[in-house]
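First comes one chain, alone, set out as structure tokens in the form predicted on its own.
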């Protein structure tokens, strides 16, 4: 039996400092993630959490809000005593300006535990990174034990991404920088490595010779909600495609790493991104679709248009993107990879579908189904893996087929509470394990491919309107031979 605890780095005492600590991400995800790892006794060392705010000053009310969010994440409300113990380690620090004087209280707090590692989580817009980094540096709050966590978006193009990296790299070394993408913390995404590289059955068939196409979909039923200002400057290409979908593609398409060493894994991911075929003004016309949702309905619920949601009369921002991509290497030569993401879709789900090729010859000429298999890796809302195979329908009268799914349902198979993606990622960063975090050259390679789309599609690709509550622009717009999986 394999010892799953071999070579796992031990957690050392730490101070966890969240800039934007009173924000939605901090309250809903970051702080509850730390709580659950504490409650499950994975964090057994001493630690403090410092939530940095520009506005709030009532710590009692803030902690009560945190408690309410933590309670929402529990299956049963029997951990009040643990929550109260956890919240004793949380403090709210008001910092209105990024200067040395304003950081004095934070510095006094952190100097009480000089031997602890300081983890700085930037849950703020990237426009604030520079001032925060410079002030931390000038206040002598960065040392060799320090780490910094960066939330997306990391720029809006290659140039701005490089500028952000230059700012961060002036204060932190690359091995101290953790560029976080919460999709990589999902249990099913984690299982991709095991599914591929621990199962001879799949890895032997994981190539262009056996796979007809790959489809990666992240469909959202909600609109832009409270993110209108941010989203209208970003759009679906940069908000979802540049990070989440490309990260999933890397794990699906990468070669086996030499080991599970973080750099060995990330080296293979970079190779995938560098092998993606770039677009020009001609190829983009046949391989990329963009859309924007209009008014529609989901059942009896009427849904607004994108323009109504952002309260503008005009906008060319896309809320839907579909791309037919190719990876130009031996493993994936001429295998189409379809990437799709959209808002106000009929249903919320994320999955990866591997469509295997049909058998070269059928001994069942009257088959009512094509003789091919399908592997479905569902990421949300429920996490599971399905292998779709054909099975004979019981009864006389010849061979009648029906597709049957062999399912590994994580909720059914593992009865304990499923940890949130942020829990895994936060534990990894405290340990210093960068495997699930983007390296600088990985981010740059992703931007180079995205820019080949961004610089060509404004003039060449029309914005197609689609009804809210639908599956987006029609299947035949992207490729008449492909039919998207619609759930």
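Numbering follows the first chain given and starts at 1. Everything numeric in this text was worked out from a predicted model, so none of it was measured.
The discussion below concerns the form predicted in complex with 6-O-phosphono-beta-D-glucopyranose (BG6), not included here.
K.L.:
6-O-phosphono-beta-D-glucopyranose (BG6) isn't shown here, but in the predicted bound form which of 331, 372, 326, 182 has a heavy atom within 4.5 Å of it?
P.N.:
So the residue touching 6-O-phosphono-beta-D-glucopyranose (BG6) in the predicted bound form, by this definition, is 182.
K.L.:
Under a 4.5 angstroms heavy atom criterion, identify the one residue in 321, 150, 240, 132 near 6-O-phosphono-beta-D-glucopyranose (BG6) in the predicted bound form.
P.N.:
For this set of options, the contacting one is 240.
K.L.:
Taking 186, 343 and 380 together, does each of them reach 6-O-phosphono-beta-D-glucopyranose (BG6) in the predicted bound form with some heavy atom inside 4.5 Å?
P.N.:
Contact check passed for all of 186, 343 and 380.
K.L.:
Look up in the predicted bound form whether residue 399 has a non-hydrogen atom within 4.5 angstroms of 6-O-phosphono-beta-D-glucopyranose (BG6), and give yes or no.
P.N.:
Contact with 6-O-phosphono-beta-D-glucopyranose (BG6), no.
K.L.:
Considering only heavy atoms, tell me if residue 348 and 6-O-phosphono-beta-D-glucopyranose (BG6) come within 4.5 Å of each other in the predicted bound form.
P.N.:
Flag for residue 348 set to yes.
K.L.:
With the cut-off set at 4.5 Å between non-hydrogen atoms, does residue 244 touch 6-O-phosphono-beta-D-glucopyranose (BG6) in the predicted bound form?
P.N.:
Contact check for residue 244: yes, within 4.5 Å of 6-O-phosphono-beta-D-glucopyranose (BG6) in the predicted bound form.
K.L.:
Are any of the heavy atoms in residue 364 no more than 4.5 Å from a heavy atom of 6-O-phosphono-beta-D-glucopyranose (BG6) in the predicted bound form?
P.N.:
Result no; residue 364 lies far from 6-O-phosphono-beta-D-glucopyranose (BG6) in the predicted bound form.
K.L.:
Heavy atoms within 4.5 Å of 6-O-phosphono-beta-D-glucopyranose (BG6) in the predicted bound form: which stretch in 199-207, 94-102, 224-232, 268-276 meets that?
P.N.:
Among the listed stretches, the partner-contacting one is 224-232.
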